[in-house]
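Okay, here we've got a single chain as structure tokens, the form predicted on its own, with questions on binding and movement later.
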């Protein structure tokens, strides 16, 4: 570990600059240290260079305190996940160094807040350059506030990355533009103190050890999965949402509360998840395109309501933003352990579809598709998100709003109802979907009940009728099966080794496939976007491979069990599971596959 605490300008000038086309940054300390501020400022700088961004965080489930880390990746090509290693670490305390050390790049740089002493010894490799700067002490001494250490630290970091001082200051002013002028100037002063200290340790402007590439600038959105999904729901005519705040689903409620009223819609914070699913069901019964969302604990509470949707044939989008469970579990950590609940939750037999976006941008597409699909099958469509897919942000191309249609499927107009000899709400049809008139349509009166009913909606427990109704509802899935979202394929379609995973694991799996190809092992990748029903493409993918590694965030191997139960050969599947709350790294997946293949 090479610690720099005094002038070293001669050495810096003599060392060739390192040109970075892909950089991963971690900013960490205790909650309240300002990690997210530095990450946000760097995001603005990297975006101005046309780079593709991905940001995530690792925070404790508490109001204040606890370890908090912000992660940012910038690359000349889209990545959709963090890199294998951390290139730059900004550490506000020893714990940040201890947590980052195992993943630091051997030629990385650490900027350490030395207010309470030197960085811990024996943890970082000797090849890592450490700039020890007393951020907190300087901020208190010169400005009277420890909180300003983040802007002071940004001054050091901007010099390391070769960001022009004026450009860095402009980003800072933009970041705080909504604050009072005096507050903005205080933060700018802290930034300038950081620059002055950078001069003292050999980081004068123009002497940076690194420079970051630029890419061709294109129009991009920086968006999280929850926001993109909400946008897709709105674009496809969604106008009512009910939910109860719960990590990591809360952003859906917040986004829709801001935007739905502009289009005549409404987003309501219910008193609990039971109320949320019932409010959304009531809105859906009026013909309003509706949605409810929660995370695992709340989604379980909704199950009786989801069963009612399937029985009474009511169209509704239901989102499960999965997190580490069971029970309260780890609310801010990634997991994909609700697959069984989404497919088999609720009681009785009823049709449902479970979809999963391939990435944050695809969340928009899936949100819009699910909104229309619920109308087509007149039942629940569940969207499987996970903590990372929901809350991590990445750059995506602007969404194609013109390509979104509003499909009312078998919705009957007033004129169509009046032409009928009689209106049967639950009419037996070949495709299982009955023509539907929303309540209030003249001639379209019917009874809606949780009991089994006949074609007119009247309660019936007659055995023959029961069989007809169960079979009718089941036919809905076969009717739409061919139109359900296909998975994302990648790699060599003739490779004997396959990688299978969904949700936020998908982009990491693709990066792992690149690592494997570089190591001489070609693989093919399938990232399903329809989890239930299991599509033929998933079963065929497994059948054609000699071996398929099923990569998922849970202990039980729920995705592997689901696809094997649908007919995929279990003997060809190898489960790679992670359930400690942290995401996979592409390098770890690649190394595990190489080790297992070598052992075959």
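Everything quoted here is computed from the prediction, not taken from an experiment. Residue numbers count along the first chain shown, from 1.
Another form exists, predicted in complex with a further copy of the same chain; not displayed. Remarks below refer to it.
Taken together, the three residues 490, 494 and 596 lack any non-hydrogen atom within 4.5 angstroms of a further copy of the same chain in the model of the complex. When you look in the model of the complex, the only residue of 466, 175, 137, 192 with a non-hydrogen atom within 4.5 Å of a further copy of the same chain is 466. This chain is displayed alone, yet in the model of the complex one of 522, 205, 452, 185 has a heavy atom within 4.5 Å of a further copy of the same chain; that residue is 452. Put simply, residue 567 is close to a further copy of the same chain in the model of the complex: some heavy atom of it is within 4.5 Å. Although the partner is absent here, residue 561 lies within 4.5 Å of a further copy of the same chain in the model of the complex, judged by heavy atoms. Contact between residue 338 and a further copy of the same chain in the model of the complex is found at the 4.5 Å heavy atom cutoff. At the 4.5 Å threshold, heavy atoms of residue 501 stay clear of a further copy of the same chain in the model of the complex, well away from it. In short, of 163 to 171, 329 to 337, 140 to 148, 511 to 519 it is 329 to 337 that has heavy atoms within 4.5 Å of a further copy of the same chain in the model of the complex.
If you take 293 to 311 and check each residue for a heavy atom within 4.5 Å of a further copy of the same chain in the model of the complex, you get 296, 297, 300, 301, 303, 304, 307, 308, 311, in sequence order.
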